[in-house]
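Listed next as structure tokens is one chain, alone, in the form predicted on its own.
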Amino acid sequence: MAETKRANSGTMKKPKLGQNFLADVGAAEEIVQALGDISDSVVLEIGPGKGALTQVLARRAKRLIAVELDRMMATELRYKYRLQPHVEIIEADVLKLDFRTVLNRTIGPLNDLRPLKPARVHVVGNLPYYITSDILLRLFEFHDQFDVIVIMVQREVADRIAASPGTRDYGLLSATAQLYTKVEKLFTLPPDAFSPPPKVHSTVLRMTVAPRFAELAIKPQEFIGFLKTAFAMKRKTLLNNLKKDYREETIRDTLKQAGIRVDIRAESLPLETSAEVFRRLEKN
């Protein structure tokens, strides 16, 4: 990424919610560009904080909904954009938000009475490191509402989300993310792109929502429950993990029928193979 002008962050104490605010103006532009053309789109921003992404989104999006947990920051943003009716600042916990209610209504004084024609929404955000997985799982729960998700997360977490089967980083988060989306790593930012600087690098991911339920012939909630069991203890074999929910003899027979070694671990199986094992076990 080309060298860009950085906002003057000065000195500040670490926020109580553990946030590290983006201070690189060029990076903010590049992150928003990763969403594609949003001139006719609804965009959901998660955790706008000081508003580095918000000011870019407000210029480009047809409608912007920014969800901020911190009351003071939400109030400041609401005041800043009070004359821009296409920008809505919501003070809420994103983990408890009913996205269908929030997204599928019009803005303005009659917003609760005039339902908006459902449209798939673009999502963007600099996610707090300590709840990245929780936020992603919440977004996946409402996946039918979203089109593309562009997020900035800790580099190590991004590596896990984008990891391929058979690699050290592949696990439950990888499998779940790749069940719901197509994941792309875009670029990585150094600590000094943020204020205050974190102790880690951050990576921007683009996740295009493309669920694989029909292709894999599985019911998502049941299959995710299976994946949680399969990855429960990373050092254990798939067989030993699955014994919690299935008879050992049934697991052995299933693995043999699928041509899979009994000493294999879940991290070695691509989603297609995991789905095959799940389907066979459910039939037995």
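Computed from a prediction, not measured in an experiment: that's the story for all the values here. Each residue number is its position in the shown sequence, starting from 1.
Although not depicted, the form predicted in complex with a small molecule is the subject of the following passage.
Exactly one of 251, 27, 230, 67 has a non-hydrogen atom within 4.5 Å of the small molecule in the predicted complex; which residue is it? The residue from 251, 27, 230, 67 that makes the contact is 67.
Of these, 183, 131, 200, 102, which has a heavy atom no more than 4.5 Å from the small molecule in the predicted complex? Comparing distances to the small molecule in the predicted complex, the residue within 4.5 Å is 131.
Candidate site 218, 220 and 276: all three near the small molecule in the predicted complex by heavy atom within 4.5 Å: The answer is no: none of the three residues contacts the partner (heavy atom, 4.5 Å cut-off).
What stretch, of 254 to 262, 41 to 49, 240 to 248, 221 to 229, brings heavy atoms to within 4.5 Å of the small molecule in the predicted complex? Comparing against the small molecule in the predicted complex, the contact stretch is 41 to 49.
Any non-hydrogen atom of residue 93 within 4.5 angstroms of the small molecule in the predicted complex: Residue 93 belongs to the contact set for the small molecule.
In the predicted complex, is there a heavy atom of the small molecule that lies within 4.5 Å of any heavy atom of residue 266, even though the partner is absent here? Outside the cut-off, so no.
Distance check, residue 174 to the small molecule in the predicted complex, heavy atom within 4.5 Å: Result no; residue 174 lies far from the small molecule in the predicted complex.
Using 4.5 Å between non-hydrogen atoms, is residue 73 touching the small molecule in the predicted complex? Yes, residue 73 is a contact residue.
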